[in-house]
Ligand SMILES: Nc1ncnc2c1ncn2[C@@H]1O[C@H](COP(=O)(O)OP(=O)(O)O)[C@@H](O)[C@H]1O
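A single chain, nothing else alongside it, follows as structure tokens in the form predicted alone.
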Amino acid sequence: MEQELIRCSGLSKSFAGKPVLGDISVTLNESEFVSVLGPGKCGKTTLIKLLSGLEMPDTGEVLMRGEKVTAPSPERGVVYQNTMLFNWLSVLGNVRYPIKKLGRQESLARAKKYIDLMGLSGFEKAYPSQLSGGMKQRCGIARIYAMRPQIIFMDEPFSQLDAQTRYLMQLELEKIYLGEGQTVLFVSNNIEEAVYLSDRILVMSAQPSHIIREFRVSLPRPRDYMSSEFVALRAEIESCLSEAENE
């Protein structure tokens, strides 16, 4: 039975008098991977900020395990498009930084675990300036997982990577998601990526945005991009997105 983790209802948000989100209601369950697709600048990032507590809604509320979300919390991790690493710290230092309070031995062991899970073994002493874009994102994701939040919000984390690196990152993310089990809300601009990774896909309309459709992805893992079921679902979502852009 699905266990509810986050529920929001009636969310709306405006900036400078311009409505961005209007009447959004979403439920996120424990240990599920949910992607959000929608037209450009439809408010996907704003939705992440509201659900994570980085912004407050104009109307509506966000509940996590029944408690109102009113501020950011270590229980809710966020991965951005541009990985915000500390340039003066190594890979190990960056991943360990938010968990140093655990003590030297435990924080080092946990940091090394997630560095290994994200395929960065051997690069522990490297600095951000020595890393490729994909490796920087691996480091950022490892840092968030090391904090062990209950939910991880990812805001188009692979959008600036080349196609091959993006594909490899999808494989790495699927592996760590299946191994660790945290809930993930993943904003994407890529339909194939969303279908490959997700249990559910939410499609948003243009501004003021609302959820116009939900797709449940029941394809077995690991998924085959070329299977008829994958291609058919991709086409259905693409059609839905086209309608969203024209709303």
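Computed from a predicted structure; not experimentally measured. Note that residue numbering begins at 1 and tracks the sequence as displayed.
Missing here is the form predicted in complex with the ligand; even so, the following discussion is about that form.
Check your understanding: Thinking of Val20, Pro39 and Lys44 as the candidate spot, does the ligand come within 4.5 Å of a heavy atom on all of them in the model of the complex?
Key -> Checked in the model of the complex: all three residues contact the ligand.
**Study point:** Among 45-53, 210-218, 174-182, 60-68, the region lying within 4.5 Å of the ligand in the model of the complex by heavy atom distance
**Key:** Contact criterion met by 45-53 only.
Review point. Are any of the heavy atoms in Phe15 no more than 4.5 Å from a heavy atom of the ligand in the model of the complex?
Key: Looking in the model of the complex, residue contacts with the ligand include Phe15, since a heavy atom lies within 4.5 Å.
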